[in-house]
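Next comes just one chain, in structure tokens: the form predicted on its own.
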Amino acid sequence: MSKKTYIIANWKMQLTNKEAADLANSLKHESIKTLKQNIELILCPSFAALSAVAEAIKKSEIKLGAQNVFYHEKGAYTGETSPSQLKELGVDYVIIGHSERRQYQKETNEEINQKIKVCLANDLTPILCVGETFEERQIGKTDLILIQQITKALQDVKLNNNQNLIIAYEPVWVIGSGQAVEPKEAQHASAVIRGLLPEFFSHEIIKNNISIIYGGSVDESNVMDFIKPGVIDGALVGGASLKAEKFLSLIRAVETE
């Protein structure tokens, strides 16, 4: 059985609760008609909209994702959200280590490592984001940054046969720019990431339970330039997922292949 192709919508802090629910409803009605079995469609709204989106996608194949999680189960952590609280809302996936959180919330690789572990302990699939800045790319440090981020994020992480891990290569300098990297650069990054995985996991786990996807100015016109089963297994989509018709066009582009 082939692995799934992941299409993940990161709505960031762009939509009101109502807008998020309306968009989820539109996607639900259309995707019921067309969504192929091998495509996993995941919507990641803001925390405030999780309940509304969960309600909107009931009785559909669409999955719910969160944009972050805290690495303790409970306690005096004002403003944080625990993995068990996310599970209660129907969340199955969690974005971890997005470059915006690394930049604005000063999230460290050590914190990201803790979040991956707490997700796996609570039956949540982590979507680990890695990628270099423009300055790091300019001085030829892309591979080094990926190696550092992956190595620290996956330290002592264990996966069993029933758990999955998604790694999203998102070069920081193209996010929101409207200009994606060249597909061969994304494929090279995927090869670097894939080359590190045997240090942490068995061949069978890597083959069956770990997927590498691409994110960064992905839209309906270029998504299939990136998706190559076994190399890049899907896309993390930002701006192109905020309007139903545009996002559906992207999904259809993937489905026609």
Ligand code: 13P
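On a predicted model such as this, the values are computed, not experimentally measured, just so you know. So that there is no doubt, residue numbering starts at 1 and follows the sequence shown.
Not pictured, yet referred to below: the form predicted together with ligand 13P.
Relative to ligand 13P in the model of the complex, residues 97, 126 and 166 are all farther than 4.5 Å at every heavy atom. Here the chain stands by itself, but in the model of the complex one stretch of 57-65, 35-43, 187-195, 217-225, 217-225, has heavy atoms within 4.5 Å of ligand 13P. Residue contact with ligand 13P in the model of the complex: residue 146 places no heavy atom within 4.5 Å of it. Ligand 13P is not shown here, and in the model of the complex it never comes within 4.5 Å of any heavy atom of residue 181. With a 4.5 Å cutoff on heavy atoms, residue 24 does not count as touching ligand 13P in the model of the complex; it lies far away. Although the partner is absent from this view, residue 176 contacts ligand 13P in the model of the complex, with a non-hydrogen atom inside 4.5 angstroms. Of the residues in 216-240, those that come within 4.5 Å of ligand 13P in the model of the complex through at least one heavy atom are, in sequence order, 216, 217, 218, 236, 237, 238, 239.
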